[in-house]
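Taken one at a time, structure 1 and structure 2 that follow are two forms of one protein chain, written as structure tokens.
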Structure 1
């Protein structure tokens, strides 16, 4: 079965979705990603959807779930690279992805995650990590 590769990028994980998602692939991604967040001690997850021509409520729900699960594992999810036509369509569809942070591209998404890490490190400075 196909798997979507997950790359480590500093403290974060990068997932680039390039194929048409279907149920099994989405479920596999959720499982792989949660395992990787724990094993790589990742603090952020970047999901690059720049290759996706559409985002329907199925993909939207998957992104929301990933963000919620990652949050419970103390990692921030940022969806990056959404195409303009996809953004227009999503809003008309009624899906605003309110539980998911977004950034224009991978670079800006990384900045968002780094900023969040800096903030938490200041907040708990006595942490060993």
Structure 2
């Protein structure tokens, strides 16, 4: 079965979806990403969906689940590169992805993750006093 590569960039993981997602691939991504967050001790997950032209309700729910699982494992999820048609489809399906942060591109997404990591480090530093 095909797998979507997951790359480690510092404290974050980068997932670039370059193929049409189907249910089995989305489920495998969720499982692989969950394992990688733990093994890499990742604090951020950036998912680039710029190559996705369409999504269905299952893929939308999987993005939401990935974000929820990541939060439970103390990692921020940012979805980048969402096409207008994908955003419209998700809203029409009633999937607002409330737990998912979005950014226009990878650069802005990484800035969001870095800002979150910086805020967390400052908060953790305050506890040590």
Partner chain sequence: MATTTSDRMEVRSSDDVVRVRQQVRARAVEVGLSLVDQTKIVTAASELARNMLDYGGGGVTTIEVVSDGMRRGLRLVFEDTGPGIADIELALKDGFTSGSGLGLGLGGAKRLCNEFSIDSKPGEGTRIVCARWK
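Numbering follows the first chain given and starts at 1. Here the structure is a predicted model, which is why all the values come from computation and not from measurement. We call the rigid core whatever largest set of C-alpha positions still superposes within 1.5 Å between the two forms.
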| field | Structure identified as the form predicted in complex with the partner chain | value | 1
| request: Verify the C-alpha shift of residue 52 between the two structures: is it 2 Å or more after superposing the core? | output: no
| message | For residue 85, does the CA position differ by 2 Å or more between the two structures when the superposition is done on the rigid core? | response | yes
